[in-house]
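A single chain, nothing else alongside it, follows as structure tokens in the form predicted on its own.
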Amino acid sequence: MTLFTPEERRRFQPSGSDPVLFVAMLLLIGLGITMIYSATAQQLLAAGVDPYTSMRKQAIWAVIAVILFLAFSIVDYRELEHFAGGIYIATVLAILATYFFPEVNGATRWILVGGQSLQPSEFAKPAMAVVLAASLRRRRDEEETTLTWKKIVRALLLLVLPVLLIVRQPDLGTSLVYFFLAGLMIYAAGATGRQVVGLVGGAVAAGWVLFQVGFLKAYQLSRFTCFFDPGTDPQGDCYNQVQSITAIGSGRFSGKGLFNGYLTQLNYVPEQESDFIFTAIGEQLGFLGAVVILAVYAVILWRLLAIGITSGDPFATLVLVGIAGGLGFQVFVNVGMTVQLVPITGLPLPLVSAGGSSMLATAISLGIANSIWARRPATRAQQRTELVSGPIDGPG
């Protein structure tokens, strides 16, 4: 079953990609591959392993990511709304499946597909943006311009199950992305100021209760302690925080130069090719390079919101608000933890950190945005004109 007839499909064929969005994505992917090589080459060489191993693996993920971007650009985004229920069920089942695979470092976040580890909670980010948008968007037969509590509660109930499963893995950092994503979407869907205050108050109260009942694990509490005072245990729990700040600070304004950061090269910062990849950027490219990278992310966020606002479709707008919110929150937290703006959490830097799941999920998100751009109102109006005047390939 599909949402559109073959005739309707032909009317709304994609008219082209958003070049700014596509180029920005490629720039970040290219930077990530370069930084991963810089962060891992010396250790691999010392271990007698090909120094290009990590770089090559990330390059393969990059090729798959570009393919997924193009594939989701071709798919009509409106089909996603039609299958939102199935997408939700598949998302929950995929997250639930992680509990049937072996633990990795004390966590059950991954499933094995074709011999490769994939993290369903990453793919759930664009999936939940679609599901929540389908639930929250205003229908044509609805007269209310503001959002009803019924819709808000329904959206939150849809969010509860996947978030609880992710928290149980445990993965508190990723679960926070969903709350931020959902909050922005609820606001964009027409929530009133009173509703927003009520939701924020409820979230704060729930967080306080969870803290009081000992919901947070010992290592999560230590991250808060290290955030406020890294000197409490600089060689233990606070080691990552101290080394991260040191590495970024040593880069100063212009950095030490590509492949010349000894803290990065000698593995002084743990997980520097994944969660702490921004330390490699800060040390080698300095403040100037970091600002340029953040500017590229800003361009992506601008395009996501601009495409959503001009889409002329409430569903598309909400999807891109959710995608932009999740992406922006993740960038802020990842960069913020390396410079002690927020406590350390295990969130990768989108398109840059090593690993396939985050990159593929982000590429899917941007592909959905590109699909929406290709089917924007001006394009649809032009295609309708062509349909009325004659077949697209010429008069018959």
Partner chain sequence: MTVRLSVIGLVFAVLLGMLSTRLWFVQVAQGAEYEVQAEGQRVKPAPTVAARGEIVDRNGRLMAGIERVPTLVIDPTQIGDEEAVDRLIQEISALVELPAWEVKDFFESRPENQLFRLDRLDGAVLSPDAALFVLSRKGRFPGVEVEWTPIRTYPLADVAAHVLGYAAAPSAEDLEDRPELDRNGIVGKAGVERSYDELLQGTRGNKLFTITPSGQITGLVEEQSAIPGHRVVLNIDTELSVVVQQALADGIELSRRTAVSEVYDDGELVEVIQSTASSGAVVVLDATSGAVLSMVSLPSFEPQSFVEGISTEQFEELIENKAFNNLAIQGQFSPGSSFKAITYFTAMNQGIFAYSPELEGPLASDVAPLDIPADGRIVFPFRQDGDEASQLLFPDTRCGGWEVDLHLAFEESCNGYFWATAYSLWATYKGTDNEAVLQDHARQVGLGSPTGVDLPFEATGLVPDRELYLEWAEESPNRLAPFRFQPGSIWVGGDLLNLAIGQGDVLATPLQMAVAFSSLSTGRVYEPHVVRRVEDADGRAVQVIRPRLIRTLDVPESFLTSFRNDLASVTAGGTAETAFEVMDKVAQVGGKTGTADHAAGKLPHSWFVGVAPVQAPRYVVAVVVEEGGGGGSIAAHTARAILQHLLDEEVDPIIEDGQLGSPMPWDVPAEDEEAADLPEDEDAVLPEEEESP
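Numbering follows the first chain given and starts at 1. This structure is a prediction, so every number in the text was calculated from the model and none was measured.
The next section is about a form of this same protein that is not shown, the form predicted together with its partner chain.
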Query - Residues Y52, P120 and A134 all lining its partner chain in the predicted bound form, heavy atom within 4.5 Å - result: no
Query raised in the report: Looking at A71, L266, A206, A107, which is the one with a non-hydrogen atom within 4.5 Å of its partner chain in the predicted bound form?
Result: L266
**Report entry** Sole residue of L176, A155, V92, L305 within 4.5 Å of its partner chain in the predicted bound form, by heavy atom
**Finding:** L305
Query - Partner-facing stretch of 309 to 317, 167 to 175, 71 to 79, 93 to 101, counted where any non-hydrogen atom is within 4.5 angstroms of its partner chain in the predicted bound form - result: 309 to 317
Query raised in the report: At the 4.5 Å heavy atom threshold, is S250 in contact with its partner chain in the predicted bound form?
Result: yes
**Report entry** T148 within 4.5 Å of its partner chain in the predicted bound form, heavy atoms
**Finding:** no
Query raised in the report: Can F276 be called a contact residue for its partner chain in the predicted bound form at 4.5 Å between heavy atoms?
Result: no
Report task. Flag R223 as yes or no: does it have a non-hydrogen atom within 4.5 angstroms of any non-hydrogen atom of its partner chain in the predicted bound form? Result -> no
Query raised in the report: Since the partner is left out here, which residues of 319 to 340 would have a heavy atom within 4.5 Å of its partner chain in the predicted bound form?
Result: V321, A324, G325, G328, V331, F332, V335, G336, V339, Q340
